[in-house]
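As a starting point, one isolated chain is supplied in structure tokens, in the form predicted alone.
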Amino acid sequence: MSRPAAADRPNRYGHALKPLWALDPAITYLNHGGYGATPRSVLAAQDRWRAQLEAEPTRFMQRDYLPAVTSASAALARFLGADAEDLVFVENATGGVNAVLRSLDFAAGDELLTTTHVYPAVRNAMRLVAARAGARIVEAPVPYPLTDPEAATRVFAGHLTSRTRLVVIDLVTSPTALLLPVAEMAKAARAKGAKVLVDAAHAPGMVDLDVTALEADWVTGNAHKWLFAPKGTAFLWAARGAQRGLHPTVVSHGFEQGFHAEFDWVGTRDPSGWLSIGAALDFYREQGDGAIRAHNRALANRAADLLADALKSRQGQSPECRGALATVRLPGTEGRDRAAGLALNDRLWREHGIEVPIIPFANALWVRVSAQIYNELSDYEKLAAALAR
């Protein structure tokens, strides 16, 4: 598990750090939560792994790969407070969710419970497995805006029934940037006899994450977002009793030979992102570890206040319900849909050089900003001015 830095070092953060990334300097980048951004030093480590692979592909894949991936996943497991044998790599959190959902057996009348804030791709995967079994998806309407974490637990727990077989909970909701009290929600689900899958896509690097403390059967999350790893680097953690019968979405040579045997080898692939996790963890720690989390959360709070004041609008969450993402409602957008959001996103990029998502939710459009250590308050001032125009 990661450990907080001895002291925050705010003077190290801001635009002076931008050269550490390959980001276009002409773009004000406020969407780190979308796809992450990998530092140059981590990309260089990935290039070294690719060079080693291509120098002797057969030797690397048949002799070097498995020891290397075992070491890499163990390093990530330690950072997340897990035992090495309980954590494997996947390409993204959506893949981790699919692996769990498609390994479970449901029956007609069973219920799969999530919230109205669920990631759309995860909702689709739930729809697929539920339809095949005749099961039903229930979405608990967690309040939005959210100012009281306990309200989320109460609403969620109120939708648990004797038919609930699985709950899927976002630790940080993607469309609405809510930091949910997952451990409390999971505890309520387990008391009803339901299994718990936590979608922690945004959590590694954003919050101090100990996967074993979430009261879950499975936790999946991305390392390529807030933990600075290369794209396609994510994990799936499974409690010891929840590994039997769990299979990757691609079944290969390791079928029924154990958790790691199945997931570590799913066919020929470029493993350089997974194997570069050590470099990503090194970069994260060098930049401050716990100080990064504190800085980004504080910056997200300041950005939300600034935008809400400038637009005379409301925020999507209180500081207690926020990590390093924040949302603010755009006035006058009632009834606007995804196409309108994409059009505004494109206009901000073309006319102002700002990359930021505009997301439809609760019958309006919301701007969702990310706060990363290469951002400064002036970035959000620029966004506020553009939106006001």
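All figures in this text were calculated on a predicted structure; none of them were measured in a lab. Numbering starts at 1 and follows the sequence shown.
Quick note: we don't show the form predicted together with a small molecule, though the next part is all about it.
Any chance all of V207, R293 and N301 sit within 4.5 Å of the small molecule in the predicted complex, going by non-hydrogen atoms? No: none of V207, R293 and N301 comes within 4.5 Å of the small molecule in the predicted complex.
Considering L76, A216, V172, V167, which brings a non-hydrogen atom within 4.5 Å of the small molecule in the predicted complex? The option sitting close enough to the partner is V172.
Could you work out which of Q243, T116, T249, T94 is the residue within 4.5 angstroms of the small molecule in the predicted complex, going by heavy atoms? For this set of options, the contacting one is T94.
86 to 94, 127 to 135, 312 to 320, 156 to 164: which one contacts the small molecule in the predicted complex at 4.5 Å, heavy atom to heavy atom? Looking at the partner contacts, the answer comes out as 86 to 94.
L146 versus the small molecule, in the predicted complex: is there a non-hydrogen atom within 4.5 Å? Flag for L146 set to no.
Just to confirm, I277 within 4.5 Å of the small molecule in the predicted complex by heavy atoms? Looking in the predicted complex, residue contacts with the small molecule do not include I277, since no heavy atom lies within 4.5 Å.
Spell out, yes or no, whether the shortest heavy atom distance between V196 and the small molecule in the predicted complex is within 4.5 Å. Answer no; every heavy atom of V196 is more than 4.5 Å from the small molecule in the predicted complex.
Quick check on V211: any heavy atom within 4.5 Å of the small molecule in the predicted complex? No, V211 sits far enough from the small molecule in the predicted complex that none of its heavy atoms falls within 4.5 Å.
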